[in-house]
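Okay, so here's just one chain, in structure tokens, the form predicted on its own.
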Amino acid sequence: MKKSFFAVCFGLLLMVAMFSTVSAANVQVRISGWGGSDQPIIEEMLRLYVTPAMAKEGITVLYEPIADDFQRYIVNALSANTAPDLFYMDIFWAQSLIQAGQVEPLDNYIAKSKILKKEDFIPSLLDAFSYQGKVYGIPKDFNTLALFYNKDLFDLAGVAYPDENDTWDTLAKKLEAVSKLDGVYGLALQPEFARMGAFTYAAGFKTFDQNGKSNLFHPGFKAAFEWYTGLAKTRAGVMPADLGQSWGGGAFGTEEVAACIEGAWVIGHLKDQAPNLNYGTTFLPKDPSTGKRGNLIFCVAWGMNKDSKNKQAAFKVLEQLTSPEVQQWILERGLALPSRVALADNPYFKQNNREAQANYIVFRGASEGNVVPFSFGEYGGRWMDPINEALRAVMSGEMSVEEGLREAQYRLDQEMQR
């Protein structure tokens, strides 16, 4: 009788163990981000690091890249309850998802983790994905803006390279001088706040005042707007569209402009499209009045679906996606800048090649002067639209600076009164 009893118990335990093993093996975590050039990078990273580590935990990772309009995809998928367990959140629109209650707060998971601690990440980046005291996203990497310049064109023109001591005024003189070369303009002037905005922050502009309003006639904003659009009056600057290019990096790669303002994302483009371009990188120039630089932080985090059925497993995947090993690999590949504090003094940054040096300048840009997240609260991209249109109109000669700012302020006020 006893033998039978123990046999039954043993059998039950065995079944439970087998069931547990099968259940663990069946846990699948879906992750999603944008496609394009990002896709092969993520696929390789998963193959080398995440998939082997998760296999030991009985977790399978299913990667779902989205080729077009990721923001619209994730908004619709979250509403339809078909969203992946983990997904990219751009600093530009993350707050709208968080405020809508569609993202899982991560504080309780982090408190129990031995891999992922708040203090391991650059504070300004983690703050950008925090809301009402809770963390909703773990930054995977980031970018700032830097000045990329064509050494050969500056040499040919006999003009000193742009450097970290330049102010708006001295840089403008260098750009105007190099634009004397046939077929060459100075700077690629994107008619976007995503570039010009860095100069407004250098001049002391705040996106929102204490009442939550934006004043485009703030002396700092107006000074930066005048300086930036003023470059288009001579060959010191040109809109990429006037050269048949869709962005500054494109015009820079074809050597139609001597300089452009971009983040480290331009490095991959130059590797592919202009591998022999002899370029250097330096900080954005200082505002001659304040003596400070400005910059924008562009950042993407991993967020967790509030309605995920596999939150514990998803967090284990999140730990691996943002682990020191993965960020080291990403950095050494020259693909992005790490969000972990410990990698700030990484030997990679000391390498004597243009890609590593460019990445170092972009990395340091996060702590040089007035640095502001590329985010506009509840207004999102609607906040920038009137400013972008004013930039284009003024640089095209359709409006004066005063007219452009007045029109942009009117439209912005209308938007903020809705």
Partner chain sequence: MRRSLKEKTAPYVLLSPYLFMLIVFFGYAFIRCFYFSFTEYDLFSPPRWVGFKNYLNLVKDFQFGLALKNSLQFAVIVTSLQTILALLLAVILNQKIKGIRFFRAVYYMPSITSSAVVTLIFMWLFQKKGLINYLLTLAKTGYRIIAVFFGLFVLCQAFLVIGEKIKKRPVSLFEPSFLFLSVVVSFMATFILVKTGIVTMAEGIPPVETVWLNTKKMWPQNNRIFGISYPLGSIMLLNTWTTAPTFMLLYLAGLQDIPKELYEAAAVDGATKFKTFWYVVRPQLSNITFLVVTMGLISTLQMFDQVAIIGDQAPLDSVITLAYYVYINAFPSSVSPKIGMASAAAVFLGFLTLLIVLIQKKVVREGEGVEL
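All values derive from a computational prediction rather than experimental measurement. Numbering follows the first chain given and starts at 1.
Same protein, other form: the form predicted in complex with the partner chain, not shown, and the subject of what follows.
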item	value
Residue contact check: F92 to the partner chain in the predicted bound form, 4.5 Å heavy atom	yes
R72, heavy atom within 4.5 angstroms of the partner chain in the predicted bound form	yes
Residue contact check: G244 to the partner chain in the predicted bound form, 4.5 Å heavy atom	yes
Contact label in the predicted bound form: L97 to the partner chain, heavy atom within 4.5 Å	yes
Contact stretch among 348-356, 48-56, 381-389, 363-371 - heavy atom within 4.5 Å of the partner chain in the predicted bound form	381-389
All of Q102, Y185 and E398 with a heavy atom within 4.5 Å of the partner chain in the predicted bound form	yes
Sole residue of N165, S79, Q132, Q210 within 4.5 Å of the partner chain in the predicted bound form, by heavy atom	S79
